[in-house]
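Shown below, as structure tokens, is a lone chain in the form predicted on its own; questions about how it binds or moves come after it.
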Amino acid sequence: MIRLTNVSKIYPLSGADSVTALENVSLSIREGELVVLKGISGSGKSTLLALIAAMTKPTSGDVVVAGRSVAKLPDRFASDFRRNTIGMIFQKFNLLGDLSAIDNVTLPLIPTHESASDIKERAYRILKSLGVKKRLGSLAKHLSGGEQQRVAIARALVGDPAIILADEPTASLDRKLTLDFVEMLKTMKQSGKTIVIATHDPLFFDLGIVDRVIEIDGGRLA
């Protein structure tokens, strides 16, 4: 489902300086696998997720996702690829503050041919299951951190993507909501979704549903 071959990502800085986020990484993830990326902040976990989601392009190497090379995918095609294939849970939520919770969730599906009522109903069901039923009409900027994270999770799931990428998905959740999220992961894995989670939460390192824990250290697979 996901294959990285000799992938490096170098970010240029001012002048001739640069920082290497990933160096010569090769990695394969099978369809239906749940993989956890482990590493300290700045180790390259988020960059790896961004490459899989075609949100950034590698400096060198190839990234193939669901049979499609996305390493050099033009931006206009990358957006369609993400909408049809990837559900992304961002560490900093990336919600639109002046839109309601339910509008943030339905927004990724607006370019599709589904009816507005069907989209709203799907978003409602997911938000209800995440415990945000009473805040559907509240602006995202007025939600607590935990509520914003749950809305971000709902947005990632609403399109029923084949691949779920999560960057520190439980960072703003309390213990109960974290365990609720784990239950959702179990359901998603049972339905055949491929899941990649970047986290430093030790809860995920020993979960029975996790197929592999991969450590990243200094941009390399440890």
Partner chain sequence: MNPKLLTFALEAIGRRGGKNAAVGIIFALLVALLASVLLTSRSLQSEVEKTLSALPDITVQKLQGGRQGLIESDRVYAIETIPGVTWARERVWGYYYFQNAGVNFTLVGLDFFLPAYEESLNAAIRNFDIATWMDRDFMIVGEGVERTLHANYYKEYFNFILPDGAMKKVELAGTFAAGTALQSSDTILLPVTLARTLLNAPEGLATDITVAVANPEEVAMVATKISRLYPDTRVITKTDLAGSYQNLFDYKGGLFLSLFITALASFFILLLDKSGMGLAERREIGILRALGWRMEEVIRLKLLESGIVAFTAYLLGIFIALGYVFMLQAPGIVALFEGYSVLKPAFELPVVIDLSLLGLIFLATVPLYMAAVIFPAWRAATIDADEVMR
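Note that the coordinates shown come from a computational prediction; the quantities given were computed from them, not determined experimentally. Positions refer to the first chain, counted from 1. Between two forms, the rigid core is the largest collection of C-alphas that superpose within 1.5 Å.
The following text describes the form predicted in complex with the partner chain, which does not appear among the structures shown.
Q: Considering A50, I40, A66, L179, which brings a non-hydrogen atom within 4.5 Å of the partner chain in the predicted bound form?
A: So the residue touching the partner chain in the predicted bound form, by this definition, is A50.
Q: Pick from 168 to 176, 54 to 62, 191 to 199, 22 to 30: which stretch has non-hydrogen atoms within 4.5 Å of the partner chain in the predicted bound form?
A: Heavy atoms within 4.5 Å of the partner chain in the predicted bound form occur in 54 to 62.
Q: Please determine whether R135 contacts the partner chain in the predicted bound form, using a 4.5 Å cut-off between heavy atoms.
A: R135 lies outside the contact set for the partner chain.
Q: With the partner left out of view, is L109 within 4.5 angstroms of the partner chain in the predicted bound form by any non-hydrogen atom?
A: Although the partner chain is absent here, L109 would touch it in the predicted bound form, with heavy atoms inside 4.5 Å.
Q: Given that the partner is absent here, does E114 sit within 4.5 Å of the partner chain in the predicted bound form, heavy atoms only?
A: Yes.
Q: Evaluate S79 for contact with the partner chain in the predicted bound form, applying a 4.5 angstroms cut-off between non-hydrogen atoms, and reply yes or no.
A: Yes, S79 lies within 4.5 Å of the partner chain in the predicted bound form.
Q: Scan 78 to 109 and write down, in order along the chain, each residue with a heavy atom lying within 4.5 Å of the partner chain in the predicted bound form.
A: Stretch hits, in order: S79, D80, R82, R83, F90, N94, L95, L96, D98, L99, D103, L107, P108, L109.
Q: If the two forms are fitted on the core, does N84 show a Cα displacement reaching 2 angstroms between this form and the one not shown?
A: It does not reach a 2 Å shift.
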